[in-house]
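Subsequent text provides structure tokens for two forms of one protein chain, presented individually as structure 1 and structure 2.
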Structure 1
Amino acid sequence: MTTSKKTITRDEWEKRLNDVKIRKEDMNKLVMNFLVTEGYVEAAEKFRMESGTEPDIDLATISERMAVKKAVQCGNVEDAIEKVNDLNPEILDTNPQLFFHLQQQRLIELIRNGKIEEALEFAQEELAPRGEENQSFLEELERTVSLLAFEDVSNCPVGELLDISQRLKTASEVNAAILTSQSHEKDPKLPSLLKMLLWAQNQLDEKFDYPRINDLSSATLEDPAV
């Protein structure tokens, strides 16, 4: 037996929304959190001047963090490691998985550039000892080295390691580690709140017809179908 849904009119829904009081200061903090976490330093500085909202970290460190991220995204892993150590040596000292992934990315770049002998030597000297200590590291190393067995990497089962997406994945991991070392969330709060909005709407859909937000970019309320 199906239960009919209750319909909430636009006027009633907007009244309920207006009854919820949200401080502008809290909204500004959400915006600043997003700008800082995602690394938009110039926008964060301008927003601070216009809104008076202070970031919870030194904005100068954002530029340094973005320089590390950009280095990884461009394949300059050695430069990225040096920058991380300049920023905070403990980040890599206390995060062996991150350091391994950076070294793995360095191996991938050597293979990408056709430096086969150098890649083999690097894998044997720098990565193999870590693989002996950690089974998951060993499996990742074996996957990476298997790239060398294929002349045409487009037909290689692990060819995705050479995709730009692999660089982005490693860069994101470094970015998160730096943020954590600065006692800052590694992910911005705003996307999580949007996911919570979608979840809440899905829950409401089971019992009510109401003006819902279908396009998050415009946040426009759309009347329920009659």
Structure 2
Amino acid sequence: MTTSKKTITRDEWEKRLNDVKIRKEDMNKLVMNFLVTEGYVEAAEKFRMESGTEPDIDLATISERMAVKKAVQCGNVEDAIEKVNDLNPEILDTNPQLFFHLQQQRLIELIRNGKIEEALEFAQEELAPRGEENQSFLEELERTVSLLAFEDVSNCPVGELLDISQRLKTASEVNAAILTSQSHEKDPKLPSLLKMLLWAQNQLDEKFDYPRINDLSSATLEDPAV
């Protein structure tokens, strides 16, 4: 048994769209929030000048955060750890998982650069003690160390650890931790809103035929099927 859906015509829907009140200032805030969270410092500064929107976080702290993120993305983990501690020593103290992942990344970089002895020493001194405290750390440690067993790492089961995506994952984690320590949300608001739009349309689809936006990048309304 099918329940018939109610149709909302294009004209009716456009009237509803026109009734919505969106303030330019709020859209500017959304843009600024994106620039700041993603770490586009210069763009945020320019946007403040061109639009008069105040950032919701101190722009000076963004450069520092971006330096940390960049360091991890380039594989300079020791440098990144030093910078994070300069920024706020509590971050790593209160975030054992993050600290472990940074140390793990350091181990990966040592292995990548063929520094096998150093890698083993590092694993035994720095990471093994943490592995003892925590089962999942131990498993991660074992996975990482197993890289050493393979001559041709590009084909081994844990080869993904050497991929740049692993660096990006760690970089993202440290970026989020810094933002959280600054009492700022770790994700920009815009992507969530876009998801909410898709979700809201799906919810509405159950009961109505109405003009939908199917392609977010063109933001054009497509008429309901007649």
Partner chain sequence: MNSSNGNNGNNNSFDRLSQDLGLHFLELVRIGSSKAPVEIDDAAPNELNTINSSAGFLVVAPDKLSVKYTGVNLHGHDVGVVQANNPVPVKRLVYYFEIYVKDAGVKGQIAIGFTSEGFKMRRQPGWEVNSCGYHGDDGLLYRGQGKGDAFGPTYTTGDTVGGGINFGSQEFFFTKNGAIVGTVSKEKEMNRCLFPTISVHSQNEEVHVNFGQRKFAFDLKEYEAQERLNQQMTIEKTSLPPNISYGIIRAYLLHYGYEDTLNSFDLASKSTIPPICIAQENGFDDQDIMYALNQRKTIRQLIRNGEIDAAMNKLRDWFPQIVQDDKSAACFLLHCQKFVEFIRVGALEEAVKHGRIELAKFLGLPEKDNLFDALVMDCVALLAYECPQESCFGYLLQESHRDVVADTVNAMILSTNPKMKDVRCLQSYLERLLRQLTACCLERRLANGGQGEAFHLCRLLN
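Small disclaimer: the values here were computed from a predicted structure and weren't measured. So that the term is clear: the rigid core is the largest set of C-alpha atoms that superpose within 1.5 Å between two forms. Here, residue number means position along structure 1's sequence, counting from 1.
Structure 1, rather than structure 2, originates from the form predicted alone. Rigid-part rearrangement between structures 1 and 2 places its hinge, out of Glu206, Asp26, Glu151, Gly114, at Asp26. Smaller rigid part rotated by 11 degrees relative to the larger one between structures 1 and 2 (C-alpha superpositions, whole degrees). With both forms fitted on their core, the C-alpha atom of Arg212 sits 2.5 Å from where it sits in the other form; this compares the forms between structures 1 and 2.
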